[in-house]
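Just the one chain here, the form predicted alone, laid out as structure tokens.
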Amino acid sequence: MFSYGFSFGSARTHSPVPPPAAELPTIRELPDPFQQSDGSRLTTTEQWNHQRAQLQALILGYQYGQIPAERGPVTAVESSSAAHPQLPARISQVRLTCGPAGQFSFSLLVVAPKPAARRFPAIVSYSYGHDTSIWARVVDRGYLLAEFDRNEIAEDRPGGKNALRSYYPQGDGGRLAAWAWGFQIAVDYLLTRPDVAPERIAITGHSRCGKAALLAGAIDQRISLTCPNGSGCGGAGCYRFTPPGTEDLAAILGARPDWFAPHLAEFIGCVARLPFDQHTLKALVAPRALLSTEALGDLWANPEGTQQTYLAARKVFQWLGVGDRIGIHYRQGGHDHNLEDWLALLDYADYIFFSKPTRRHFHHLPFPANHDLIPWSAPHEGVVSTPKRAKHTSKVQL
């Protein structure tokens, strides 16, 4: 048992400077997400919202930096719109403007199924360079797709412009926080569209954009389904469990320290002092849905460590009575966001949004479980009250 010995307060307010790593206790196993800042553990599911806010502030403070809760009014100007020549879809370019005094803007490409006579579930992703093979599958399944270029929000190069730092100079958000902010702005816009089902919005991203998608899904409760793909270190992977050949904290911060908050570098060489691991971030998604899509040959992205964080986060989902809303999917191959990953996402989205049965196994675990990493269990497991399910979710266990 340990105690953080401090509290960040509300996740929506500016957080105080967190204690340095040297003042934090060493935790060899994955930290217990049910343990509160004073050392006591949760006893009822009604306490989760408060605990969730505390953990969110902790993760933002140490790992990603602050993301402004207020984005200002988001305005949209459609610059072009036309029917696609091969697909039953309409392709539109929309310029979104927001931020202080409306100074910030970026483009969103929208692929909307035709005819637009009903509300469609929507998926937000980063730009694939007009990959019509993906578009075809998404539209065929009755989903609207919205894509943005992360470089318009924060240039993906050392020293490049970061909109969060430019327009909110008092903050410390890194590039992952900026890209997560971009997902949120896209959701702001989608919620104004008459052809989007507001309770059926999913987000996905690959690699660094998978890290940003997981962060956005963890902090934005309007997002119903989050799907990071091959997101690895700083995403769905694990800091404390890094088999040979996987990226660790020292490696990622040595290459791209600008992706993260400045405080994270304090934990190089003492990662066991982190008061959380990435299962904690995953747990923030609950009780909404989370799917991790991974490749067995993508060793750098730590597929085995991702399984460990999945198992730990699943305890929170099960405790909240939504164990069917967390899944993991592995395929053969390497570091890519390919059609198989997208089909897995669409199948899981159909299951979550429409209770459609699927033959996929979203609980298949290719690696042995490391029980030493997760010595804790949920409080009064199997006895706690269960919150009401959201609409359009299945009651069948995956």
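Note that this is a predicted model, so its numbers are computed, not measured. One-based numbering along the sequence shown.
From this point on, the text means the form predicted together with a small molecule, which you will not see here.
This chain appears without its partner; in the model of the complex, the one residue of R41, R331, H363, H335 with a heavy atom within 4.5 Å of the small molecule is H335.
Residue-level contacts in the model of the complex: of K315, R208, R240, H279, one residue has a heavy atom within 4.5 Å of the small molecule, and it is R208. The candidate spot formed by I252, W259 and W300 lies fully in contact with the small molecule in the model of the complex, as each residue has a heavy atom within 4.5 Å of it. Contact check for E247: a heavy atom falls within 4.5 Å of the small molecule in the model of the complex. Comparing 87-95, 184-192, 200-208, 316-324 against the small molecule in the model of the complex, the single stretch with non-hydrogen atoms within 4.5 angstroms of it is 200-208.
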